[in-house]
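Given next, in C-alpha cells, is a single chain: the form predicted alone.
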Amino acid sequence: MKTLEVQIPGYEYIIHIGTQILDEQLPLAIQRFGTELIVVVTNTTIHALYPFHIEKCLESTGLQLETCILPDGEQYKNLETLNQIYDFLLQKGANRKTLIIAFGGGVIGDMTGFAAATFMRGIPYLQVPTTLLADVDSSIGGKTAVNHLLGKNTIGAFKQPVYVCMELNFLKTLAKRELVAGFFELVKHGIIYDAKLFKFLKEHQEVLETLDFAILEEAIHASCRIKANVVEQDEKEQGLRATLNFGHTLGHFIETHTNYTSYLHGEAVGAGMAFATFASYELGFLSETAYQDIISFLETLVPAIQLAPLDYSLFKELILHDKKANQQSVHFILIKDIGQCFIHKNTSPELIWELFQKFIEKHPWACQMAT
C-alpha cells in the first residue's frame, strides 16, 4: 500500500492506494468522525457488481448506513439526478454531521462531492473510487460539479474529501475501454509534468491487458502526487491548476457536442491531448521529436472520435461555454517538451478552429467530422 498526504492551507487528507486495503482502512478512517449516519452514494452498475460492499466493510462500526443508488452514465450527471441525492438525504434525516461516501467512478464522485458541498452548506464526504480515471482524476483535488447542456462541469463547487481509499481490486471488473480512458489521465500527467512517468507508461502499456497491480500502484501514486502538488499550490485554479486541463479544451467540446453519450471522458481528453500536442507543434513550441513521440503513443490508444457536422459558429459557441473560456478567448494548455507545459492565454476561437481543421485532416485516427 502507498500513502499520499494532500496538504492544502488549513486542510489535509490522506490517500491510500493498494490492493486488499478497503476492509481495514475504511473502518479506521470512519472512526475519526463523530457521525451516526453514513450515506453511501453509488450507481446501478456498481451496486450490481458489489451489492452493499461498503455496508459490509463498515458493519462492525454499528453505525446506521443508507444507500442511495443513482442511474449510471455521464448523461445523468445533471441537476435532476443531483436532486435525487438531496431528496434521499432529507428522507433519511441527514444533518451536518452525516458522512457521505462516494462509491463509484468520476460521475458519482463529482455529484456526491457537489451534494456534500451544498447540503446544509457543507457536510463531510470521502471517496472510494472504482475506476482508473476516478483514481487519478476526480477523486482528489476537490473539484465537484454537474453538467449543463451547454457545457461540461459548469455548475459546481470546490469541496475536498476527508479521505480517499483507492482499492485497486475494483479495476478487475472494468472493461478494457474504461481502463484505457483512465490510462489517458496517467499519460496526461506524464506529458505535462513528468517525462519519467511518460516513459514508464510507454514501457508498460501492456498493463492495460495484464492489470499488473504493482505497475498500476506505482503509476497511480506518481500521477496522484503530481496532481496533489499542483492542487496544494493552487486549490481554486487561479493559475497553475489550469495546466491540469491539458487536452480538455477539445475534450470538453467533444463531450458537449455529442451530448455526453458517445464517448467516455478519458477518450475525449485523449483526442484532446493529441490535438493540444499538434497545436503545440504547429505553433512552434514543440520539437518534431517530442511531437512524434507523443503522437505515436496516443495513436495506439485514442479511438477515432466521430463528430456530427460542425461549422465555426457552433464550434465557437461550445468552446466559449467551457468553464476555461474567458469572455471571447480560451486559456489553451500547450507543451514545450514532454514534462513541460504552459498556459497559452487568451487563445482566440478562430485560431483553435484553424488548428482543429488542420488536425482532423492530418490525424483522422483521432478525430473525424461528418460533412
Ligand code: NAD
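Given the structure is predicted, the values throughout are model-derived calculations rather than measurements. A residue's number is simply how far along the shown sequence it sits, counting from 1. We call the rigid core whatever largest set of C-alpha positions still superposes within 1.5 Å between the two forms.
Although it is not shown, the form predicted in complex with nicotinamide-adenine-dinucleotide (NAD) is what the next lines describe.
Heavy atoms within 4.5 Å of nicotinamide-adenine-dinucleotide (NAD) in the model of the complex belong, among the stretches 83-91, 283-291, 199-207, 147-155, to residues of 147-155.
By the criterion of a heavy atom within 4.5 Å, residue 112 is excluded from the residues contacting nicotinamide-adenine-dinucleotide (NAD) in the model of the complex. In the model of the complex, no heavy atom of residue 184 sits within 4.5 Å of nicotinamide-adenine-dinucleotide (NAD). In the model of the complex, residue 77 approaches nicotinamide-adenine-dinucleotide (NAD) with a heavy atom inside 4.5 Å. Taking the partner from the other structure, nicotinamide-adenine-dinucleotide (NAD) in the model of the complex has a heavy atom within 4.5 Å of a heavy atom of residue 143. Proximity to nicotinamide-adenine-dinucleotide (NAD) in the model of the complex, defined as a heavy atom within 4.5 Å, singles out one entry of 275, 193, 253, 170, which is 170. None of 333, 39, 46, 305 but one reaches within 4.5 angstroms of nicotinamide-adenine-dinucleotide (NAD) in the model of the complex through a heavy atom, and that residue is 46.
The partner is not shown here, but in the model of the complex the stretch 117-134 reaches within 4.5 angstroms of nicotinamide-adenine-dinucleotide (NAD) through a heavy atom at 130, 131, 133, 134. Positional change of residue 151 between this form and the one not shown reaches 2 Å or more at the C-alpha, relative to the superposed core.
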